[in-house]
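Consider the single chain below, provided in structure tokens and representing the form predicted on its own.
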Amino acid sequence: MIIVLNLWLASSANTKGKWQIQGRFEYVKHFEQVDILLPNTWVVVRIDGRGFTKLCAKYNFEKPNDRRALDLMNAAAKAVVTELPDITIAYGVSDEYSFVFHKTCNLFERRSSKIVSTIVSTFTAYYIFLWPTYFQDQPLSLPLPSFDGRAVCYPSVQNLRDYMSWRQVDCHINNLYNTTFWSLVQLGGMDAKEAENLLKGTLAADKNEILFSKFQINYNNEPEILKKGSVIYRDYELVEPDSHDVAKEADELAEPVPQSKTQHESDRKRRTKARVLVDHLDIIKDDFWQRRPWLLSNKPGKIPKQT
């Protein structure tokens, strides 16, 4: 009994000493800053490749587009969307990807650093893991690919759609320029400076004319993935465009409607069961959003019947 008591006293003294030491250093917690994102807003986490110009040169990516690299980006992004059911939609082009969280989502208590770090680390992990699938004869070496990210809040559906439209328009503009530029260099025998000077001040119609008249390339026939980028979302049954007004309902929602734990888990399971699609289509026009109301309502739709 005396031995047990002595051991208890020794343990208590040791624990008290640890508490005192720990308390001595706990003041550093006051340096942590609150980084809560605005409530009731759409959160977009956009990631970009770090130093990808050097990466492209190191692994000799094809110009103007390396399909292996694009497919790898899409595969990594699809894995992220699959792993995180709270992501509503994602859009990617080149070495960037945007992941959208619904305005009612309270993931990670809307802490910016946690949301961004989770997306960036998960995407980077899958990108490196999947690399051998798409670059079988080019194993990775140091320095390894990495990405950075930022989170931006958008208050309305129109703001969100304008952001997504901006990225897709940027995809088209850049791809048309790059397709024309590299055609002049690779097929026309120009050096980079000559091609750059020729394209300076040209409009889209001018570039289309150069491609067709000089190289018999009809830009309209280029693969959709190059012209429109890639959009990732969960596949449910499409609805008639004029059968609802989800955008208005989403904007009028002053605060998230509380869900029971049962309902929350049910919706999460339905999202998990849904097939995740990688598509290449117009997300600027209304039709894309109207036929897929779950993107704005955050309510899972009906799983399509298997044929």
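Everything numeric in this text was worked out from a predicted model, so none of it was measured. Start at 1 with the first residue shown and count on from there.
The discussion below concerns the form predicted together with a small molecule, not included here.
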In the model of the complex, the residue from His264, Arg50, Arg275, His280 that sits within 4.5 Å of the small molecule by heavy atoms:
Arg50
Contact between Asn65 and the small molecule in the model of the complex at 4.5 Å, heavy atoms?
yes
In the model of the complex, does Ser94 come within 4.5 Å of the small molecule, counting heavy atoms only?
yes
Within 4.5 Å, heavy atoms only: does Cys56 come near the small molecule in the model of the complex?
yes
One stretch from 212 to 220, 74 to 82, 94 to 102, 195 to 203 that, in the model of the complex, holds residues within 4.5 Å of the small molecule by heavy atom:
94 to 102
